[in-house]
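Coming up is one lone chain in C-alpha coordinates, specifically the form predicted alone.
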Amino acid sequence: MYTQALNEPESGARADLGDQEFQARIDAEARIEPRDAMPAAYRATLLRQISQHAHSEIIGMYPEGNWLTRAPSLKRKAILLAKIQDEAGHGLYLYAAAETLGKSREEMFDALLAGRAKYSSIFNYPTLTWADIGAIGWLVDGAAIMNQIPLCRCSYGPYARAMIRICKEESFHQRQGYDIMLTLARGTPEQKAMAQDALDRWYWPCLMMFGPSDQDSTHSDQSTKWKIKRISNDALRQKFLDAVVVQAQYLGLSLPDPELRFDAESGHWRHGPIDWAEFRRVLAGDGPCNRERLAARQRAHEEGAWVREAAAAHEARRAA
(Lines give C-alpha, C1' and ligand atoms only; values in the text may rest on other atoms or scores of the structure.)
Protein backbone atom coordinates (compact mmCIF):
# COMPACT_ATOMS: atom_id res chain seq x y z
CA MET A 1 0.00 0.00 0.00
CA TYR A 2 1.25 3.48 -0.88
CA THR A 3 0.12 6.75 0.65
CA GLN A 4 0.31 10.47 -0.04
CA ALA A 5 1.04 13.27 2.43
CA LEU A 6 -1.65 15.64 3.71
CA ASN A 7 -1.10 17.97 0.76
CA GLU A 8 -2.14 16.88 -2.69
CA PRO A 9 0.77 15.95 -4.97
CA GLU A 10 2.12 18.59 -7.26
CA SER A 11 1.26 18.33 -10.91
CA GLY A 12 2.99 15.32 -12.38
CA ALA A 13 3.67 13.57 -9.05
CA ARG A 14 3.00 9.84 -9.24
CA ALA A 15 1.23 7.68 -6.67
CA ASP A 16 1.90 4.34 -8.38
CA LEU A 17 5.59 3.84 -7.76
CA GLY A 18 6.47 0.20 -7.24
CA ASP A 19 8.98 -1.02 -4.67
CA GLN A 20 11.73 -1.37 -7.24
CA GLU A 21 11.17 2.06 -8.74
CA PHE A 22 11.12 3.73 -5.32
CA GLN A 23 14.26 1.88 -4.28
CA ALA A 24 15.91 2.93 -7.53
CA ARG A 25 15.29 6.57 -6.58
CA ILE A 26 16.79 5.94 -3.14
CA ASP A 27 19.82 4.17 -4.62
CA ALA A 28 20.37 7.11 -6.97
CA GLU A 29 20.55 9.40 -3.90
CA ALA A 30 17.35 11.21 -4.87
CA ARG A 31 15.89 13.32 -2.07
CA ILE A 32 12.30 12.31 -1.22
CA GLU A 33 9.99 15.27 -0.57
CA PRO A 34 6.59 15.43 1.19
CA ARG A 35 4.50 15.45 -1.98
CA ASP A 36 6.37 12.57 -3.57
CA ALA A 37 4.79 9.14 -3.68
CA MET A 38 6.33 6.81 -1.09
CA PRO A 39 5.63 3.38 0.40
CA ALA A 40 3.43 3.40 3.47
CA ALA A 41 6.16 1.54 5.37
CA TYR A 42 8.72 4.24 4.49
CA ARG A 43 6.34 6.92 5.77
CA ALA A 44 5.60 4.96 8.95
CA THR A 45 9.32 4.40 9.64
CA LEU A 46 10.04 8.11 9.25
CA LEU A 47 7.11 9.09 11.47
CA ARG A 48 8.27 6.72 14.19
CA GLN A 49 11.87 7.93 14.07
CA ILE A 50 11.26 11.67 13.66
CA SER A 51 8.52 11.87 16.29
CA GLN A 52 10.63 9.92 18.79
CA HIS A 53 13.53 12.25 18.02
CA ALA A 54 11.29 15.27 18.63
CA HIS A 55 9.99 13.82 21.90
CA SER A 56 13.58 13.22 23.02
CA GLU A 57 14.50 16.86 22.44
CA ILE A 58 11.56 18.02 24.55
CA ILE A 59 11.96 15.53 27.40
CA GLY A 60 15.70 16.18 27.28
CA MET A 61 15.14 19.70 28.60
CA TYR A 62 14.01 18.41 32.00
CA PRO A 63 17.22 16.86 33.38
CA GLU A 64 19.09 20.10 32.63
CA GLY A 65 16.25 22.38 33.68
CA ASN A 66 16.70 20.83 37.11
CA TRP A 67 19.91 22.89 37.46
CA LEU A 68 18.87 26.24 36.01
CA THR A 69 18.34 27.82 39.41
CA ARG A 70 21.46 26.20 40.87
CA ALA A 71 24.10 26.87 38.23
CA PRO A 72 27.37 27.98 39.88
CA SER A 73 27.53 31.36 38.12
CA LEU A 74 25.42 33.74 36.08
CA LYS A 75 27.50 32.92 33.00
CA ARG A 76 26.90 29.18 33.42
CA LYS A 77 23.20 29.82 33.96
CA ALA A 78 22.92 31.91 30.78
CA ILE A 79 24.74 29.25 28.74
CA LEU A 80 22.55 26.47 30.13
CA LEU A 81 19.39 28.47 29.48
CA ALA A 82 20.46 29.06 25.88
CA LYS A 83 21.10 25.36 25.47
CA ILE A 84 17.68 24.40 26.80
CA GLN A 85 16.09 26.92 24.43
CA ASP A 86 18.00 25.27 21.59
CA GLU A 87 16.54 21.89 22.54
CA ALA A 88 13.01 23.33 22.41
CA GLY A 89 13.79 24.66 18.95
CA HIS A 90 15.07 21.25 17.84
CA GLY A 91 11.79 19.71 18.94
CA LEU A 92 9.92 22.35 16.92
CA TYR A 93 11.92 21.64 13.74
CA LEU A 94 11.39 17.91 14.11
CA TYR A 95 7.67 18.06 14.85
CA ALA A 96 7.29 20.25 11.77
CA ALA A 97 9.23 17.70 9.70
CA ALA A 98 7.02 14.88 11.00
CA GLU A 99 3.87 16.85 10.17
CA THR A 100 4.84 16.82 6.48
CA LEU A 101 4.26 13.06 6.61
CA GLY A 102 0.59 13.45 7.46
CA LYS A 103 0.45 13.28 11.26
CA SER A 104 -0.58 16.31 13.29
CA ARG A 105 1.47 17.68 16.15
CA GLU A 106 -1.48 17.18 18.46
CA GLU A 107 -1.54 13.47 17.65
CA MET A 108 2.16 13.19 18.42
CA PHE A 109 1.73 15.11 21.68
CA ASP A 110 -1.16 12.87 22.70
CA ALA A 111 0.89 9.74 22.07
CA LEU A 112 3.75 11.08 24.21
CA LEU A 113 1.54 12.24 27.07
CA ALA A 114 -0.34 8.93 27.11
CA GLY A 115 2.92 7.01 27.30
CA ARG A 116 2.43 5.32 23.92
CA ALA A 117 5.36 7.07 22.22
CA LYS A 118 8.97 6.45 23.14
CA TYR A 119 11.85 8.86 23.55
CA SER A 120 15.56 8.29 24.18
CA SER A 121 16.10 6.22 27.32
CA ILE A 122 19.05 8.44 28.32
CA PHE A 123 16.72 11.15 29.59
CA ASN A 124 15.30 8.89 32.28
CA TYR A 125 18.42 9.20 34.43
CA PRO A 126 18.72 11.81 37.22
CA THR A 127 21.05 14.82 37.32
CA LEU A 128 22.40 14.60 40.85
CA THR A 129 25.18 17.20 40.70
CA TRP A 130 26.35 20.09 38.52
CA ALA A 131 28.88 17.68 36.98
CA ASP A 132 25.96 15.79 35.44
CA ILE A 133 25.27 18.86 33.28
CA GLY A 134 28.83 18.60 32.00
CA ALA A 135 28.50 14.86 31.43
CA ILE A 136 25.27 15.35 29.49
CA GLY A 137 26.86 17.93 27.23
CA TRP A 138 30.07 15.97 26.71
CA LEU A 139 28.69 12.43 26.49
CA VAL A 140 24.97 12.61 25.68
CA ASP A 141 25.24 15.42 23.15
CA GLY A 142 28.47 13.91 21.87
CA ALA A 143 26.65 10.63 21.20
CA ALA A 144 23.77 12.57 19.65
CA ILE A 145 26.14 14.25 17.21
CA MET A 146 27.53 10.86 16.16
CA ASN A 147 23.97 9.69 15.53
CA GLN A 148 22.71 12.83 13.86
CA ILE A 149 25.42 13.96 11.45
CA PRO A 150 24.62 11.06 9.07
CA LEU A 151 20.96 12.14 9.21
CA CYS A 152 21.93 15.33 7.36
CA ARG A 153 22.12 13.00 4.36
CA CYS A 154 18.86 11.21 5.15
CA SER A 155 16.81 10.37 2.06
CA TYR A 156 13.82 12.38 3.36
CA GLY A 157 14.33 16.07 2.61
CA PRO A 158 12.59 17.83 5.54
CA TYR A 159 14.34 15.62 8.09
CA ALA A 160 17.76 16.06 6.48
CA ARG A 161 17.42 19.84 6.29
CA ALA A 162 16.27 20.13 9.91
CA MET A 163 19.29 18.13 11.02
CA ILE A 164 21.80 20.56 9.51
CA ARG A 165 20.99 23.31 12.00
CA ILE A 166 20.42 20.88 14.84
CA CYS A 167 23.88 19.36 14.42
CA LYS A 168 25.53 22.77 14.42
CA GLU A 169 23.86 23.63 17.72
CA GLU A 170 24.56 20.20 19.23
CA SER A 171 28.23 20.77 18.49
CA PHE A 172 28.10 23.86 20.72
CA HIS A 173 26.32 21.84 23.41
CA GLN A 174 29.04 19.20 23.37
CA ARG A 175 31.75 21.83 23.79
CA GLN A 176 29.83 23.45 26.64
CA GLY A 177 29.63 20.13 28.48
CA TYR A 178 33.28 19.30 27.94
CA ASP A 179 34.26 22.75 29.23
CA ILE A 180 32.35 22.08 32.45
CA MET A 181 34.07 18.71 32.87
CA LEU A 182 37.48 20.25 32.15
CA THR A 183 36.93 22.98 34.72
CA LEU A 184 35.92 20.43 37.36
CA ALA A 185 38.72 18.00 36.48
CA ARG A 186 41.28 20.80 36.95
CA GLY A 187 39.66 22.08 40.11
CA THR A 188 39.79 20.87 43.68
CA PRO A 189 40.01 17.14 44.51
CA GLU A 190 36.33 17.30 45.46
CA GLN A 191 35.41 18.81 42.09
CA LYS A 192 37.42 16.23 40.17
CA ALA A 193 35.75 13.46 42.20
CA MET A 194 32.36 14.93 41.29
CA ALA A 195 33.31 14.88 37.59
CA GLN A 196 34.47 11.26 37.89
CA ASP A 197 31.24 10.27 39.62
CA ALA A 198 29.16 11.81 36.81
CA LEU A 199 31.26 10.00 34.19
CA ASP A 200 30.80 6.72 36.06
CA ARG A 201 27.03 7.09 36.00
CA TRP A 202 26.56 8.35 32.42
CA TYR A 203 29.12 6.30 30.49
CA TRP A 204 27.16 3.06 30.07
CA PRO A 205 23.75 4.67 29.35
CA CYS A 206 25.48 6.73 26.65
CA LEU A 207 26.86 3.60 24.98
CA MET A 208 23.28 2.30 24.99
CA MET A 209 22.07 5.45 23.19
CA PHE A 210 23.10 4.01 19.83
CA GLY A 211 20.57 1.24 20.17
CA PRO A 212 20.90 -2.55 20.25
CA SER A 213 23.75 -4.37 18.54
CA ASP A 214 23.30 -4.66 14.80
CA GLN A 215 22.23 -8.30 14.95
CA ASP A 216 19.48 -7.43 17.47
CA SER A 217 18.24 -4.18 15.89
CA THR A 218 14.68 -4.44 14.59
CA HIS A 219 14.60 -1.55 12.12
CA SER A 220 18.20 -0.99 11.06
CA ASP A 221 18.33 -3.11 7.89
CA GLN A 222 15.31 -1.54 6.24
CA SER A 223 16.20 1.98 7.40
CA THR A 224 19.66 1.52 5.92
CA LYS A 225 18.23 0.23 2.65
CA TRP A 226 16.04 3.33 2.41
CA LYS A 227 19.01 5.55 3.38
CA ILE A 228 17.18 6.93 6.37
CA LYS A 229 20.01 5.44 8.40
CA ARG A 230 23.52 5.67 6.96
CA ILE A 231 25.75 4.04 9.58
CA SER A 232 25.03 1.00 11.75
CA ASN A 233 24.48 1.14 15.51
CA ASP A 234 27.71 -0.69 16.32
CA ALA A 235 29.79 1.43 13.93
CA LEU A 236 28.47 4.63 15.51
CA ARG A 237 29.08 3.28 19.01
CA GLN A 238 32.65 2.41 18.04
CA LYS A 239 33.28 5.87 16.65
CA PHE A 240 31.92 7.42 19.84
CA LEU A 241 34.03 5.18 22.09
CA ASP A 242 37.25 5.92 20.20
CA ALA A 243 36.65 9.65 20.68
CA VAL A 244 35.59 9.45 24.34
CA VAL A 245 38.62 7.41 25.43
CA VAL A 246 41.00 10.11 24.18
CA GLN A 247 38.87 12.91 25.65
CA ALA A 248 38.70 11.20 29.05
CA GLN A 249 42.48 10.73 29.05
CA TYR A 250 42.93 14.46 28.45
CA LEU A 251 40.59 15.21 31.36
CA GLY A 252 42.52 12.84 33.60
CA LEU A 253 39.38 10.80 34.26
CA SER A 254 38.89 7.04 34.05
CA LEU A 255 36.17 5.30 32.07
CA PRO A 256 34.24 2.88 34.34
CA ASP A 257 34.93 -0.15 32.15
CA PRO A 258 37.36 -2.73 33.58
CA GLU A 259 37.39 -4.58 30.23
CA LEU A 260 38.22 -1.52 28.13
CA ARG A 261 41.22 -2.30 25.94
CA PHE A 262 42.92 -1.14 22.77
CA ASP A 263 42.78 -3.58 19.86
CA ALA A 264 46.02 -2.97 17.99
CA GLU A 265 44.94 -5.09 15.04
CA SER A 266 41.87 -3.00 14.27
CA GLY A 267 43.12 0.28 15.74
CA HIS A 268 39.98 0.64 17.88
CA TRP A 269 39.13 0.59 21.57
CA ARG A 270 36.93 -2.29 22.75
CA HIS A 271 34.42 -1.97 25.58
CA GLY A 272 33.09 -4.59 27.97
CA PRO A 273 29.59 -6.12 27.80
CA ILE A 274 26.66 -3.71 27.84
CA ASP A 275 23.77 -4.42 30.19
CA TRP A 276 21.02 -4.59 27.57
CA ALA A 277 18.53 -5.73 30.21
CA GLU A 278 18.83 -2.30 31.80
CA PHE A 279 18.35 -0.64 28.41
CA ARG A 280 15.15 -2.58 27.75
CA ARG A 281 13.88 -1.95 31.27
CA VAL A 282 14.39 1.83 31.07
CA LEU A 283 12.95 1.97 27.55
CA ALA A 284 9.87 0.08 28.77
CA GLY A 285 9.22 2.72 31.43
CA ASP A 286 10.95 1.39 34.53
CA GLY A 287 13.99 3.68 34.68
CA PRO A 288 14.98 5.94 37.59
CA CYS A 289 13.01 8.95 36.28
CA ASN A 290 10.53 7.65 33.67
CA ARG A 291 7.45 8.54 35.69
CA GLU A 292 8.93 11.84 36.84
CA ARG A 293 9.76 12.94 33.29
CA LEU A 294 6.36 12.02 31.87
CA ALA A 295 4.52 13.62 34.79
CA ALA A 296 6.50 16.85 34.30
CA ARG A 297 5.60 16.90 30.60
CA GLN A 298 1.93 16.22 31.32
CA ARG A 299 1.86 19.00 33.91
CA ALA A 300 3.52 21.47 31.54
CA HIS A 301 1.03 20.59 28.81
CA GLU A 302 -1.92 21.18 31.13
CA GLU A 303 -0.55 24.43 32.51
CA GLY A 304 0.11 25.70 28.99
CA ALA A 305 -3.44 25.10 27.77
CA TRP A 306 -4.41 28.76 28.21
CA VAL A 307 -1.51 29.86 25.97
CA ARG A 308 -2.62 27.51 23.19
CA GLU A 309 -6.22 28.65 23.56
CA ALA A 310 -5.23 32.32 23.45
CA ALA A 311 -3.07 31.76 20.37
CA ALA A 312 -5.91 29.94 18.62
CA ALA A 313 -8.37 32.70 19.48
CA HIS A 314 -5.95 35.36 18.20
CA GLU A 315 -5.43 33.48 14.96
CA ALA A 316 -9.18 33.04 14.49
CA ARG A 317 -9.77 36.76 15.06
CA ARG A 318 -6.96 37.68 12.68
CA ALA A 319 -8.32 35.36 10.00
CA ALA A 320 -11.83 36.80 10.40
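All residue numbers refer to positions in the sequence shown, first residue = 1. Treat the numbers as computed from the prediction; the structure is a model and nothing was measured.
The form predicted together with a small molecule exists for this protein as well; it is not shown, and the discussion that follows is about that form.
K.L.:
With the small molecule left out here, work out from 74-82, 96-104, 208-216, 238-246 which stretch has heavy atoms within 4.5 Å of it in the predicted complex.
P.N.:
Heavy-atom contact with the partner occurs in 208-216.
K.L.:
With the partner absent here, would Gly65, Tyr178 and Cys289 each sit within 4.5 Å of the small molecule in the predicted complex, counting heavy atoms only?
P.N.:
No, none of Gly65, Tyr178 and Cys289 comes within 4.5 Å of the small molecule in the predicted complex.
K.L.:
Do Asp36 and the small molecule share at least one heavy atom pair within 4.5 Å in the predicted complex?
P.N.:
No.
K.L.:
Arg201 near the small molecule in the predicted complex, any heavy atom under 4.5 Å?
P.N.:
Flag for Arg201 set to no.
K.L.:
Taking the shortest heavy atom distance, is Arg48 within 4.5 Å of the small molecule in the predicted complex?
P.N.:
Yes.
K.L.:
Would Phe279 count as touching the small molecule in the predicted complex under a 4.5 Å heavy atom rule?
P.N.:
Yes, contact at 4.5 Å.
K.L.:
The small molecule isn't shown here, but in the predicted complex which of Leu151, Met194, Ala162, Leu112 has a heavy atom within 4.5 Å of it?
P.N.:
Of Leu151, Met194, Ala162, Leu112, the residue with a heavy atom within 4.5 Å of the small molecule in the predicted complex is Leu151.
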